[in-house]
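First, one chain by itself in structure tokens, the form predicted alone.
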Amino acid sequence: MSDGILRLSHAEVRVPDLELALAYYVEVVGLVETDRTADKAYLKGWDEHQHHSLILTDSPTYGLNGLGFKVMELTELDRLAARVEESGIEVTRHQPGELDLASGHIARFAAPSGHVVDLECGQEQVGNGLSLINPPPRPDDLRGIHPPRIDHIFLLCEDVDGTTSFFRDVLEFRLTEQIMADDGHQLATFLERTHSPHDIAFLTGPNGGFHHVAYWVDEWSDLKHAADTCAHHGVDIDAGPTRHGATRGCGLYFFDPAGNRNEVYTGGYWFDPDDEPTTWTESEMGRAVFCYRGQVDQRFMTVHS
């Protein structure tokens, strides 16, 4: 039986040209398209078994519509929804298939950060295309960067301290790292449910702000392959391949045709529930973000809602 949130489930991003965005995410990023409607496309990493981890929604603007976390048991969904309501936040409940194709039972609410959050149980399972008996290591028809799965999402909000407290005290996330301002407030926080360095992170900025969604790759050489793929297709690379001080992971950042920032990420470390979080000081924020350069480019701080 699962206790609480299992992991990041999906993100829904807006794109003004659905066909162009879909071509990019399939041919360049290498996600697998699983379904389409008139105004939405559903995609997943090749090794994900659930129906989708990314929803592209046709819209005049770009940015983030919302994000979801996977909950294994309906009783746990009920328990977490009650905790959110007890904190004073309204929750709406939705039946399978009501909000999106293949969606499960969903408890939806607006987090203190201004982001729409879904807790989802029972999204349709479609498999990873490999046999469950004597399978090969991966499918033969992978394209582009082809990350196996979603990893984390990075968001912005005005009150990082309050938002972090909500995710810790109500949703039962664990704080792994934080960047502290000289005045004692949290500039950025990294939180997890998977024993990884982060499933979600928050940085000081506008409420509802969206920095990036990240997909996992298995090793550093995959980041080099990702950079080669972006360069070949003329995709705008934002930063990397590089290492972060915070999380000790390595990443490559680039933009989809609409302007939504993507990352492919690898590395990091295992975090146990009783481990103490790592703290970075404001003077070392540059090294926390980009370990090798020790400073943050202004373009990297560009965000959208």
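Start at 1 and count along the sequence shown; that's the residue number. Remember, it's a predicted structure, so these values are computed and weren't measured experimentally.
Although not depicted, the form predicted in complex with another copy of the chain is the subject of the following passage.
- For H225, a non-hydrogen atom is located within 4.5 Å of another copy of the chain in the predicted bound form, even though that partner is not displayed.
- Of the heavy atoms in L74, none are within 4.5 Å of another copy of the chain in the predicted bound form.
- Taking non-hydrogen atoms only, C250 approaches another copy of the chain to within 4.5 angstroms in the predicted bound form.
- Of the heavy atoms in L18, none are within 4.5 Å of another copy of the chain in the predicted bound form.
- Contact with another copy of the chain, judged by heavy atoms within 4.5 Å in the predicted bound form, is confined among 51 to 59, 28 to 36, 256 to 264, 237 to 245 to 237 to 245.
- For the three marked residues, P137, R149 and W220, a heavy atom of each sits within 4.5 Å of another copy of the chain in the predicted bound form.
- In the predicted bound form, T194, H195 are the residues of 186 to 216 with at least one heavy atom within 4.5 Å of another copy of the chain, listed from first to last.
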